[in-house]
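There is one chain below, alone, in structure tokens, taken in the form predicted on its own.
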Amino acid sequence: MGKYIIKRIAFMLVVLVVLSFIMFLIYNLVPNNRAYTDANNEIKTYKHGLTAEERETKFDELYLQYQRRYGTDTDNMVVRYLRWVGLYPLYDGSFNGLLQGNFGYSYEYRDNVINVVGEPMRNTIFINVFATLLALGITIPLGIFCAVKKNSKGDQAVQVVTIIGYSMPTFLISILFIWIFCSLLGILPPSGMKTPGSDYTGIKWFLDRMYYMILPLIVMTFSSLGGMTRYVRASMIEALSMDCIKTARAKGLREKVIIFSHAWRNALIPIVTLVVGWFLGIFGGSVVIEEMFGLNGMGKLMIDSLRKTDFDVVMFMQIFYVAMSLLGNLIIDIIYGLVDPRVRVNK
């Protein structure tokens, strides 16, 4: 197991380097020169005392200084990439890249990228953890019930409800639930993350935050019920039709033991991928949900940064998502070996 994990981590690092280099090239092809922008902004502060020729000379000096500071004083993309990562020295011999904790600077928010991403990530994790756990707590038992009671009235009713949630777009579900809970019943706020003007702390802060998160949580859970419930149902139906289940029933084992010990373990193999993907999606956020309910999350930040060409923020987020995806694949493979002894991950 240890050797397998080490090999996979080495492979992940290679993939991460290749993908990050490709993304670095793509964003460097976009006409967005950070050194030019900073030099131009600084030269504007010299309002008087410079002739046109002196201003041009001063601009060239500032432009070169900023290029050297950002490591863009060369057209060699490999060197610029290594400087961005922090593996190649800048003009003055110093290292100032990702490995040194320099994740970039956001011109839109006038702050370091790591500070800009901090609050949206906390908000996204906060709501998605609750939504994911709630959805799994409902969909897995519901899927097992539908598989065990296949073609019963309860199964048919659940299938109708889940197919509606699966087929409707998330924004339409959001509008429908806002109309029901905000307009008709008037019991939940339509948007926001806290009571305007409030400065709660401790348990009051948590309760106030959860009050505003109830409606987004309901929408996210309802939207995810259809796909996961039907997925669990299909996997359980296939597992219950296996010969080992028939043998277990012939031996007189209790139905609960057959369902939760034998059938469920076999059904877990295809479900693991989806469940782990859900948990990794906690960090990604939901653009539609965050836009509809005015939440400051990762999805909204990504779209806003793309619109405003705030590429340092975009690069950081995309590298983070790539790393999480690679880590997720490793976790899935390891869980496969734990769930099903027939799957060996140590070879």
Partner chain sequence: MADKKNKTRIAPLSWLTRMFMGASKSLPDDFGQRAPENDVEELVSPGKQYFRNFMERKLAVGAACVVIAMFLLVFIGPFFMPGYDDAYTEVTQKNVPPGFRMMDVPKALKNDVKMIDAYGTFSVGLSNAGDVYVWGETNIGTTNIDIADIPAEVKAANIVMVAAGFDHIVAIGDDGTVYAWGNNRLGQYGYFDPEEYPNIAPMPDELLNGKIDVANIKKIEAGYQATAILMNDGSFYLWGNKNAYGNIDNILMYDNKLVDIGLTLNYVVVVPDSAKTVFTGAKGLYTKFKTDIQGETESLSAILDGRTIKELACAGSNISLLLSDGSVILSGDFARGSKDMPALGDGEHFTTIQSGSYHYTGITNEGNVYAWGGNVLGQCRVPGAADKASTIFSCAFQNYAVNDSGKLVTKWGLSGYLFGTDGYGADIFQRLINGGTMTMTIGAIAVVISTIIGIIIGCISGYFGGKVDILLMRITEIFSAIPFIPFAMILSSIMGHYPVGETTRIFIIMCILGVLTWPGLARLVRGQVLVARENEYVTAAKAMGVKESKIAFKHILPNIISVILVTLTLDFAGCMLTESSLSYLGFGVTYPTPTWGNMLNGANNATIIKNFWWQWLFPALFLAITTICINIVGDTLRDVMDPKSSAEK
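Positions refer to the first chain, counted from 1. Just so we're on the same page, rigid core means the largest C-alpha set that superposes within 1.5 Å between forms. In this text, all values refer to a predicted model and were calculated from it rather than measured experimentally.
FYI, the form predicted in complex with its partner chain isn't displayed, but the following is about it.
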item: Close approach of A52 to its partner chain in the predicted bound form, 4.5 Å, heavy atom; value: no
item: Partner proximity in the predicted bound form: K194 to its partner chain, non-hydrogen atom cutoff 4.5 Å; value: no
item: Heavy atom of E108 within 4.5 Å of its partner chain in the predicted bound form; value: no
item: Close approach of Y70 to its partner chain in the predicted bound form, 4.5 Å, heavy atom; value: no
item: Stretch from 127-135, 203-211, 243-251, 156-164 whose residues place a heavy atom within 4.5 Å of its partner chain in the predicted bound form; value: 156-164
item: Full three-residue contact with its partner chain in the predicted bound form, heavy atom 4.5 Å, for R8, W179 and P190; value: yes
item: Contact set, 300-335 vs its partner chain in the predicted bound form - heavy atom within 4.5 angstroms; value: M302, I303, L306, R307, T309, F311, V314, Q318, Y321, V322, S325, L326, N329
item: Large Cα shift (2 Å or above) at A157 between this form and the one not shown, core-fitted; value: yes
item: K246 C-alpha moves between this form and the one not shown by 2 Å or more, core aligned; value: yes
item: Post core alignment: I114 C-alpha displaced by 2 Å or more between this form and the one not shown; value: no
